[in-house]
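This document starts with one chain, in the form predicted on its own, laid out as structure tokens.
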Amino acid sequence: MYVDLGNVLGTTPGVSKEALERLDGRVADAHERIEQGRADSEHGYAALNLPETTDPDEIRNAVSRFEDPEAVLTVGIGGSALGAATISEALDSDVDAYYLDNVDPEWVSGLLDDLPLDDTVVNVVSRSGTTAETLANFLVVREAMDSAGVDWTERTFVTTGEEGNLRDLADKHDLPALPVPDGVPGRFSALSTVGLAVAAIQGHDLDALLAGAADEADRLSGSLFESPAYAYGATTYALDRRGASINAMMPYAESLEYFAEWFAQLWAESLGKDGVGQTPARALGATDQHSQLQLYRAGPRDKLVTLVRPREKQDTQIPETDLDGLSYLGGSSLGDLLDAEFEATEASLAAADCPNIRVEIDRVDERGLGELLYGMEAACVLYGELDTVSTFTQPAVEWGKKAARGLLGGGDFEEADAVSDKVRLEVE
């Protein structure tokens, strides 16, 4: 992973090289804390050990009973789905991947109606085995398979903790089961059993994914000027402190669109605590430079734009044309055009003194994805250390879970009582 900080120097808001050098002492202290957490496999910090602790053979063995499926359906929510979806959406495969990560009834029914259920593998993911949305969707999937005459026990595996409903289900029906690693929050689990099982079914190279992550782990050091991940984490923190409270993640590759979704959860759930935190926004280049760029360049000075692209990609030539005003495109390629759009956006923001950071990987393949995912996780952990937030907790998320469960009769939770206190001002 490569990070270019040149376009945050002297912008508004911005940070000087001298300020980054002063911050570097705190980065060294934070790195020492992170390394201690890794050495002790502390909760959260253990996620940064996944390149070493994840066993790809365990994953491949667990899914080996499913030979040549047409599709794989993951039933999970949040971190139980986004990491796997980022990888599957970025890489080509003959096995289609789908995700039930919401409980919109029309969407769920429509997806199940379109799936070849007799040739689909179902992957149910929940650490606790009690996640309401996941278990509800799985019950719907199981009924749909029964109705279609498909033996769901022959098409299902689970990824879960040592105890809970899913573990009991796996034991009862002899389902393949992968363990959710200890000490790894869901949003940091892309490089574990949680994120890699679908990749294994799709035939992707798990070893290369982990090797890319390990390469990025080896670059972590006590200086932001020696580590791309820390350079990004420290600079985004510094810019937030100076007023860039929004971080627009804008990959210039259609295959990385879901990466922006994954990043948004990682950044928001980890850093939004105690009245602080940088708000992630999602964009896609070049599409959104024809819309959102207007706001980023000319709107309130509260945004950082992160531009992500691969340095190498497959390309398609643009045919010659005699149409007036378009002849300059002939002989060029779509890749040339996309690069020009990227650099034009970068220059446009810089010319308006709007901070932007360039992040690049060599190519969108397993190794590059491993670097990118690990690099952003390490950046997030460093940011959390610098901002002294509890990076690995999510109390606001848990509050909402309790409220929903109480409303459904799943227990007596005071959070559910707050629903009746809602103030209404309806306009008809």
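Basically, rigid core = biggest C-alpha set you can superpose within 1.5 Å across the two forms. Throughout, we count residues from 1 along the sequence that is shown. In this text the structure is predicted, and so the values were computed from the model without any measurement.
The discussion below concerns the form predicted in complex with a further copy of the same chain, not included here.
Judged by heavy atoms within 4.5 Å of a further copy of the same chain in the predicted complex, the contact stretch among the candidates 193-201, 165-173, 207-215, 67-75 is 165-173. Proximity to a further copy of the same chain in the predicted complex holds for all of 268, 276 and 348, with the criterion being a heavy atom within 4.5 Å.
140 is the sole member of 177, 140, 180, 97 with a non-hydrogen atom within 4.5 Å of a further copy of the same chain in the predicted complex. Note on the partner interface in the predicted complex: the residue among 122, 184, 224, 87 having a heavy atom within 4.5 angstroms of a further copy of the same chain is 224. a further copy of the same chain is not shown here, but in the predicted complex it comes within 4.5 Å of a heavy atom of residue 319. Not displayed here, a further copy of the same chain is kept clear of residue 25 by more than 4.5 Å at the level of heavy atoms in the predicted complex. Contact annotation: residue 104 falls within 4.5 Å of a further copy of the same chain in the predicted complex, judged by heavy atom distances.
Contact between residue 117 and a further copy of the same chain in the predicted complex is not found at the 4.5 Å heavy atom cutoff. Looking at 39-68, no residue comes within 4.5 Å of a further copy of the same chain in the predicted complex, counting any heavy atom.
Put the two forms on the same core and the Cα of residue 415 is off by 2 Å or more between the shown form and the other one.
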